Ligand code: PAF
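Just one chain follows, in the form predicted alone, and it is written as structure tokens.
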Amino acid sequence: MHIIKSASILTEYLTNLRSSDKNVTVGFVPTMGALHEGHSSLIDESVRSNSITVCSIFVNPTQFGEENDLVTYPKPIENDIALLIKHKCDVLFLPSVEEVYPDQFEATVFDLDGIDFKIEGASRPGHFQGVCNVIARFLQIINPEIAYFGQKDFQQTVVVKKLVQILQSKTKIAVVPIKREPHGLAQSSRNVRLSKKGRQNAAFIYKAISQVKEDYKSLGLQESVAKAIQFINAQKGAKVDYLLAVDTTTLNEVTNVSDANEVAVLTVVEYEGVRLLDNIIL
């Protein structure tokens, strides 16, 4: 596996590969490190489908609202490199902040039709503009045929799909299903901040949203969602930040499944001081 820290060198490397073989396809997996099996599933999908897989590890400062979140975000680079090698990643792009955002860089304010202000965006102002600026920059550097994102960060996948439309990019966005721990908790880099017991107990989140999927046809969507919120809040130390059903394209909240072509239930639960995201498609 090549480890490349320079944007210009990575662009040149991929350009030379494409020049030597017109059939080369590049898959791209953007990450902020602290890799786990969820990331592995993205790497595996890219390796299966492309000639070359590039994974970036970049803890993007523009995505963090609170400085403490940025400081405490786990950064186990040696473990990350070992995982990427194990899963046959071809290139690790490991840039500095200055490499991604050089002096001449000017952030763009993307018109995302308001989806960046909803749900996660409501409590994390500027977060999705930060996501869009770094992804736009990576697409410029790498120009991949396919970029892979995990379903766990559902709103992010909707935002990135909108971004490639705005950019008129040829890159396709592939959304890979959530990878879960054996008891059901969605795998996340933040899970390491849970206690061992808390990590086991947090399976109640997936249990709650799975129950919505079982209940909504008989109870109705609103009552099923309310039941799930009540169940989670009854767990010791747990508090629902939000749990709602949304249109998977507009992210508008819906009260009946007939209100949208496709409906997802999204949630964030505060547990042991950690924000845990999860979702399920109805």
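Please read all numbers here as calculations on a predicted model, not as lab measurements. Residue positions are given as counts along the sequence shown, with the first one as 1.
The next section is about a form of this same protein that is not shown, the form predicted in complex with the ligand.
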query	finding
Heavy atom of M32 within 4.5 Å of the ligand in the predicted bound form	yes
Y206, heavy atom within 4.5 angstroms of the ligand in the predicted bound form	no
Partner proximity in the predicted bound form: D153 to the ligand, non-hydrogen atom cutoff 4.5 Å	yes
Partner contact for V158 in the predicted bound form: the ligand, 4.5 angstroms, heavy atom	no
Segment that reaches the ligand in the predicted bound form - one of 251 to 259, 44 to 52, 24 to 32, 235 to 243, heavy atoms within 4.5 Å	24 to 32
Triple contact flag I81, L83 and F93 to the ligand in the predicted bound form, non-hydrogen atom at 4.5 angstroms	no
Position in contact with the ligand when the complex is considered in the predicted bound form, options L185, C89, I141, I135, heavy atoms within 4.5 Å	I135
Sole residue of L163, V131, V212, V176 within 4.5 Å of the ligand in the predicted bound form, by heavy atom	V131
